[in-house]
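Shown below, as structure tokens, is a lone chain in the form predicted alone; questions about how it binds or moves come after it.
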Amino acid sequence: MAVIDAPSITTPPQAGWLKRNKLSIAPWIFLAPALAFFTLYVVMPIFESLYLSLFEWNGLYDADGNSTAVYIGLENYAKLWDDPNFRTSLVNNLLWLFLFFLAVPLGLLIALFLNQEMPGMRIYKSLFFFPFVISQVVVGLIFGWFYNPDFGVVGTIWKALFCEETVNFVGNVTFKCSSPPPDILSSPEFATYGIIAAGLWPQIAYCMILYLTGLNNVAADQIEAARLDGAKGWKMLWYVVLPQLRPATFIAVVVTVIGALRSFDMIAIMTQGGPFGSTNVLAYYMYEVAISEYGERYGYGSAVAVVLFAIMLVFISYFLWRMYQDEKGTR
């Protein structure tokens, strides 16, 4: 009797490590270019600024190509606290931060208005959206003309309210005013407030867009249930709508804080830190002492940059911690 051999069982070849982990590797492949640029242009300059803040350097090299920087330790940071211009810049940054928070509730109010169904609403949305799409430089120029006491809106309104118009014998129109029109950007007391008002214009538009997006995601069934329970007006907003807008509020607060602390464009266009340095903030003061025409104090400017980075790091770390706690609580 013939013996039939049992068929041999062959095991499939083991898949390679790359093939087995392709799902976990794929995201890092897509993130790699962004992480490389972020490391090159953000992380490395941060550590370079920290290192450079320990030196006194005017940016020059000797004939042999060696840096003329002199190590002075923490002396640049000690000089900051005795520098009245630094203290003014720090106070102005805190003022920017405090007043910039007005953009969050104002953006919410405008978003609630634009979220209604009424004729011509698309035109209104476009008009309110307009400040967000134009450059900060253009905004600074517009408000510079707006505040001009001779031909700006502020000067024109002042002349209409407080000045008497006279026509001389040749037909030229002159204005006799009890007091001259205010020159906001030339006033050390009011220039900072004028620049902050200019910066609030596009920031409010940005917060409005965030809240409009959030309002589109508000659960309609919760709104209807609240109406059946008799909720309306302020109670509807406070107990039903605002809790669902927490993600939009979180992002609005974060971008508002960052925008207030890194304010530079408006000041560079409208006052260049004047009059008498009264509108300086840390970002512009860093530029002024380090790389402007009359600066060339790279170590001192780096110390200012490190202080600004530390302030931003405190706020951003707090917001990231809150976001982590919220995500942890929803699981």
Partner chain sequence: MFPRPIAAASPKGISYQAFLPVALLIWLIPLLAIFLTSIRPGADINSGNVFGIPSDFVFIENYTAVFTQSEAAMYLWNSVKITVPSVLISVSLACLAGYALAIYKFRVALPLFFLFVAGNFIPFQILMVPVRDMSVQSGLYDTIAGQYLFHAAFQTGFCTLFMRNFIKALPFDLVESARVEGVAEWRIFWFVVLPLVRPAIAALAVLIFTFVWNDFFWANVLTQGEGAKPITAGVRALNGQFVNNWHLVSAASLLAAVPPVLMFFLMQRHFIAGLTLGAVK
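Residue numbers count along the first chain shown, from 1. Definition used throughout: the rigid core is the maximal C-alpha set that superposes within 1.5 Å between two forms. Computed from a predicted model, the values in this text were never measured in an experiment.
The form predicted together with the partner chain exists for this protein as well; it is not shown, and the discussion that follows is about that form.
_Which of 105-113, 183-191, 68-76, 88-96 sits within 4.5 Å of the partner chain in the predicted complex, heavy atom basis_ = That would be stretch 105-113.
* To do: Find out whether any non-hydrogen atom of L141 is located within 4.5 angstroms of the partner chain in the predicted complex, and reply yes or no.
  => Yes, contact at 4.5 Å.
- prompt: Heavy atom to heavy atom, is Y287 within 4.5 Å of the partner chain in the predicted complex?
  reply: Y287 belongs to the contact set for the partner chain.
Query raised in the report: Hey, in the predicted complex, is W57 touching the partner chain, heavy atoms inside 4.5 Å?
Result: Yes - in the predicted complex, heavy atoms of W57 and the partner chain come within 4.5 Å of each other.
Using a 4.5 angstroms cut-off on non-hydrogen atoms, would L18 count as touching the partner chain in the predicted complex?
L18: no, not in contact with the partner chain in the predicted complex.
For this session: Output the sequence-ordered list of residues from 185-199 with at least one heavy atom within 4.5 Å of the partner chain in the predicted complex.
Result: Going through 185-199 in order - heavy atoms within 4.5 Å of the partner chain in the predicted complex - there are no hits.
Taking the rigid core as the superposition reference, indicate whether the CA of F309 shifts 2 angstroms or more between this form and the one not shown. For F309, whose C-alpha is compared between this form and the one not shown after core superposition, the shift is less than 2 Å.
With both forms fitted on the core, give yes or no for whether the Cα of L60 moves by 2 angstroms or more between this form and the one not shown. Moves: no, less than 2 Å.
Using a superposition on the rigid core, decide whether the Cα position of F276 changes by 2 angstroms or more between this form and the one not shown. No; F276 is a residue whose C-alpha shifts by less than 2 Å between this form and the one not shown when the cores are overlaid.
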